[in-house]
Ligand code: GAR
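In structure tokens, the next block holds one chain alone, the form predicted alone.
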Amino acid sequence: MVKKNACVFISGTGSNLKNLILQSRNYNFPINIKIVISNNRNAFGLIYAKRNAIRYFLINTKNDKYIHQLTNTLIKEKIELICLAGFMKILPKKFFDLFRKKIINIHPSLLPKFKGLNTYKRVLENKEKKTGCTVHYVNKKLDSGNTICQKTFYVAPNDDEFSLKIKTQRLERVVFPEAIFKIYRYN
């Protein structure tokens, strides 16, 4: 099997990156992570890239010039899938024109509910009975692309923001690889 070249964008701890790296070591997993991109030089997730000899790039999203260099790098490396895994910046609209249907994101809610930030707080405030996470294609509107996969769990009466985050992240490690299998129909 010829694996697809992938890039993972992160901003923080990199728990999904770590999981995707582990999955990519499996013969039947459809992607090979060639590059990690971060807008945060202190992102703990960069350690996973270093430990696994995966090249990484830091980008300055405050300077519009980064998009040209980033785009050229992704094209040069023949990146076929871009995974936004806890990347906490909105990419410019012109970026989506170049990589349409090649960018996916994981979001910690059952989209279309609770787009954007502070999802756990909003789940609790709205007294939701269920929550979960969604992997979706990225388009020009925030958290509005077509859903690839979702996983749900019931909200317990004693759940708080921290416990919802832990439960959601546990599901994310299942649903993100499932979504990638589904995209490439290897499952």
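From 1 onward, residues are counted along the sequence shown. This is a predicted model, so every value here is computed, not measured.
Another form exists, predicted together with this ligand; not displayed. Remarks below refer to it.
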Point to revise | Any non-hydrogen atom of residue 24 within 4.5 angstroms of this ligand in the model of the complex | key: no
Check your understanding: Though only this chain appears here, would residue 13 touch this ligand in the model of the complex if you measure heavy atom gaps against 4.5 Å?
Key -> yes
Check your understanding: Contact between residue 90 and this ligand in the model of the complex at 4.5 Å, heavy atoms?
Key -> no
Check your understanding: residue 104 near this ligand in the model of the complex, any heavy atom under 4.5 Å?
Key -> no
Check your understanding: Going by this ligand in the model of the complex, which residues of 160-183 come within 4.5 Å of it through any heavy atom?
Key -> 169, 172
